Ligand SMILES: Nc1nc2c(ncn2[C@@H]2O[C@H](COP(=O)(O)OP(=O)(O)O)[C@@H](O)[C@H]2O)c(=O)[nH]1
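First, one chain by itself in structure tokens, the form predicted alone.
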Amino acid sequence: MSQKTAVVIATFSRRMRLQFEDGAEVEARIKGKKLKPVCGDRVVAVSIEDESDWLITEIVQRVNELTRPNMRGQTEVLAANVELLIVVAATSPQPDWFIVDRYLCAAESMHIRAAVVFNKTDVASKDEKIASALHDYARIGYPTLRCSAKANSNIDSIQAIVHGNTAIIVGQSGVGKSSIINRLLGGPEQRTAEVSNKTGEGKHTTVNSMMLTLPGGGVIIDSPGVRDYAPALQSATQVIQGFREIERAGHDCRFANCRHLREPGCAVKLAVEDGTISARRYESYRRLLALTERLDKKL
């Protein structure tokens, strides 16, 4: 019996596809019911005598987890060991910047890089609110790109950000996440071929999630559960730390435990008043803080 460490590159309910350090790929089962590996996990697996399958016996400690609350109020892990979160918005559907801010907050909580991509620039739009929101993200340090997956415009800039990273692409339904991934892969036929080749069972195989290797370097973890997920944030501290400009300004508040709502001597509120911090982002912060506190009371 042989034992190796591998990365989970595709999941099919209780079956997995693993990739070893030498690039070899195998199918695997999971030992017991308590282990719940996800795409991106590093796992320990052992060979099974007289079978081609391997058996996953352990999950190596995760660097981070991408999570969401499930229907039972529990936290569900969607992917692990992510290095980059790309949040996509578009002219249509109408951008929900609160959702974008919530994704970015999750990225900060996971201690990973994040970028904002505005898709569908082939559709003419002179919406000043869009320009203002994108400016807000750029001035606090997030790479902010405009692209058109339909016209294949500026996709190379997204590829440059993903290069060398394990990335997740998220955003509202309909903003063109799958179209962007298809462009990064070289076309939808390449995406279908990759899924087919990874599973060895054809394009109709039901894949819960998988890591797609980009021709230009880097990988994207893709799954229906990840694309439109709502991040699980479990504390006010996570929310404060998730808004980088608010967290920085908060060091100058009168009180160390200031929540930046009604406290006197709050440097954050002063920064909002003088325009240093976006009033729109501050409102997202207030909404997310209230949402997190309501969820906390229910648990």
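Computed from a predicted model, the values in this text were never measured in an experiment. For every residue, the number given is its place in the sequence shown, counted from 1.
What comes next is about the form predicted in complex with the ligand, which does not appear here.
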With a 4.5 Å heavy atom cut-off, would you call Ala131 a contact of the ligand in the model of the complex?
no
Does Ser173 make contact with the ligand in the model of the complex, using a 4.5 Å heavy atom cut-off?
yes
Is Ala149 close enough to the ligand in the model of the complex to count, meaning some heavy atom within 4.5 Å?
yes
Could you tell me if Gln159 has a non-hydrogen atom within 4.5 Å of the ligand in the model of the complex?
no
Residue within 4.5 Å of the ligand in the model of the complex by heavy atom, from Thr144, Ser179, Thr213, Asn154, is Ser179
Please pick out the stretch from 165-173, 136-144, 100-108, 213-221 that is in contact with the ligand in the model of the complex, where contact means heavy atoms within 4.5 Å.
165-173
Hey, which residues along 102-122 are within 4.5 angstroms of the ligand in the model of the complex, non-hydrogen atoms only?
Asn119, Lys120, Asp122
